[in-house]
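The chain that follows stands alone, in the form predicted on its own, written as C-alpha cells.
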Amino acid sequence: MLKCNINGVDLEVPEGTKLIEAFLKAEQKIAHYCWHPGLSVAGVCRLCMCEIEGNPRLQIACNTEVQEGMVASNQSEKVKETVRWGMDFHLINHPLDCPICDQAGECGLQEQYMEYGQYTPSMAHAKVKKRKVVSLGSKVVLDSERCILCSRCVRFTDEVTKTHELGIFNRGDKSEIGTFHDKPLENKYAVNTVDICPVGALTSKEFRFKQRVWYLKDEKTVCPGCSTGCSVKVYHNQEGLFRVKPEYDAEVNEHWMCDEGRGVFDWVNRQNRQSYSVNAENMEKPSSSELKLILTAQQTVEEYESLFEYLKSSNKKVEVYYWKNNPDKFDDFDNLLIRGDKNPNTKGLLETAVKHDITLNPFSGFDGFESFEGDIWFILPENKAVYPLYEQYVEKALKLENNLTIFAVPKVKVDKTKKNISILPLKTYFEKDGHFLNFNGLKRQLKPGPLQVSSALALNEWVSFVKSDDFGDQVDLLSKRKSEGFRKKNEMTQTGGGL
C-alpha cells in the first residue's frame, strides 16, 4: 500500500492506483469526462488537472499513478482556472438545448459546469453546426453537436465488446463520432454507450422522450433475463416502470449489462399483467389426491422451498415437470454476460429440488395429459418472451378438462364460465423479496419495489393461502388491496397558483 495526501486527506491506496481514483476514494470532487473505471485511460478531456507537490506543471489525474508520499491538490486558483478554460473549450460548440435534451438531470456536463464552470464565455464566433438525430443503429441515436469527444463509446466498442463499430472522424472542430461504413452499432451491448456518455450525445431510442429523469425513482435489484443475474437499477414512478440500467457489481457484471436485459421492465407494468384472480375460490379444497405441477426456473429459492414443502406434506401423489427455455441453446454463452439459459434461478431450482427429494421431469408439452384425472398446477414464466412455445402451451392447457390452476404474471385470456380453470396473479422479480442463485451459485438478492398489481402474490404467499382454512375470504381481501404508489419526486403539489 502507498501513502498519499489528497486535498489534505491522508489515505493509503494499492500500488498502481491512478491519482483520480485516489481523489474519489478520499471523497474529493475532481472534474473529468473521458475517464471511466471500466475503460482504458484516454486523457483527452484534460479536466482532471491537479497540482503535485514537487512538480512544477499541472498534471492530469487519470493517467498519473500514485507514488509513495505523493501530495496532490486541485484546490488552488491555478487549477480552477485551468479547469474553467477546459470547460470553455468543451462548450465552445455545444448547443444550448438543455430544456429539450433527454440527458437533462443526469448530465455530467450540466453538473460539472455548475461545480467548476460558471464563467462568462469569451467565444465571439458562431457555433459549428454538426449532424443531429443521427441513427447509429436500431437502438442508439447520436446528436453530434452535443458530443465532447471523450471517446468513451469508441473505447467501449474496442475494448469491451471488441466489435469496433465506432470511431472519431474528421479533424479539428469538425471531428465527430460515427460508425464505419456498412457497420451500424448493432452489438448486443450497444446501449451501454448511452450509459457511459457523459452528455446527451448518445440517447436510447427506447427511453428517448419517455420521462424526465427527475420524475423517476430507482430501485436496486437483479436482472431476471438470464442465469448471469446482473445487478441493475430499475427506474419507475407511479405511472409504471420505464427503464433498466446496470449497477456496478465487481463479481458479476462490473459496469455493464446486455441490451436484452434492458427490456425486463416492460412485463412488470400493469397493462401487461394478469391483474385479478379468476375462479380462485375453486382452489379452496383441491378435489384430487393426484397433482401434476409444471414450473420454470424463474421463481425465487424461497418460493420453491414453500412449494416443495407443501407438496411433501400434502399426502398427494405428485409429479413435477421442469420446463426449460430453448433446450438446444440452454448452455450457450457469448463470453461476456449473455447466457442461453434465460432463467435467473436454474441452480436454485435444482438445488432446492434435491434438498426436498423432488424429481424434476422434463416438460415437452401436454401430450398424455388428456388421460390424467388429477389436478394440474401450471406456473407460467413471467418472462414469456424467452419461451418460444409459450402461447402454444397455454392454449393447450386451457383446453384440458382437469381442475387447472394457472399462476401467471402475463395476461391469460380464459372463459370465466369454465369453472375447472383458476387464474392466480403472481408478483414479479421487481415486487417480491427473496433470492436467486446464478449460474455459478452466487446468491442474487431481490429487493421488493412498489406493487404494480394489487391482487398479485408471490408463489410462497399463494401456497400459504392454499394451506389456510379461509382461502376464499383471503382472496376477497386481496381484491380490495391497493397497489403501492408515490408522487413524482419533483412534482408540483401546490394548487391554484402555479409557482
Partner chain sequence: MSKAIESKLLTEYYDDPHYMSFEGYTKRKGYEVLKKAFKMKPEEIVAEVKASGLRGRGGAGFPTGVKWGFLPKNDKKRFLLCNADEGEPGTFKDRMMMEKAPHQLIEGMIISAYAVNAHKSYIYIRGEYTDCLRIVKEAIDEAYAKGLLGKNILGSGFDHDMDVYSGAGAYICGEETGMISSLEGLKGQPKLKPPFPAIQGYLKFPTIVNNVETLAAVIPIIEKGADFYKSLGTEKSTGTKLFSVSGDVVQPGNYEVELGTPLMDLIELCGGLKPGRSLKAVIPGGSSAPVLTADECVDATMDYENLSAKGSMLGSGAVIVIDDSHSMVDLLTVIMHFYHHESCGQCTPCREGTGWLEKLVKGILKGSGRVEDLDLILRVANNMKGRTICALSDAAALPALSFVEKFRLEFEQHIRTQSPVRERETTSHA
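Residue numbers count along the first chain shown, from 1. Everything numeric in this text was worked out from a predicted model, so none of it was measured.
Keep in mind that the form predicted together with the partner chain is missing from the display, and what follows is about it.
A heavy atom within 4.5 Å of the partner chain in the model of the complex is found for one listed residue only; from Val44, Val463, Val453, Ile52, this is Val44. Here is the short version: of Leu149, Ala353, Val320, Leu400, the single residue with a heavy atom within 4.5 Å of the partner chain in the model of the complex is Leu149. Taking non-hydrogen atoms only, Ile92 approaches the partner chain to within 4.5 angstroms in the model of the complex. For Ile60, a non-hydrogen atom is located within 4.5 Å of the partner chain in the model of the complex, even though that partner is not displayed.
Though the partner is left out of this view, Tyr276 does not reach within 4.5 Å of the partner chain in the model of the complex, counting heavy atoms only. The partner chain in the model of the complex comes within 4.5 Å of a heavy atom belonging to Val128. Comparing 412-420, 82-90, 328-336, 295-303 against the partner chain in the model of the complex, the single stretch with non-hydrogen atoms within 4.5 angstroms of it is 82-90.
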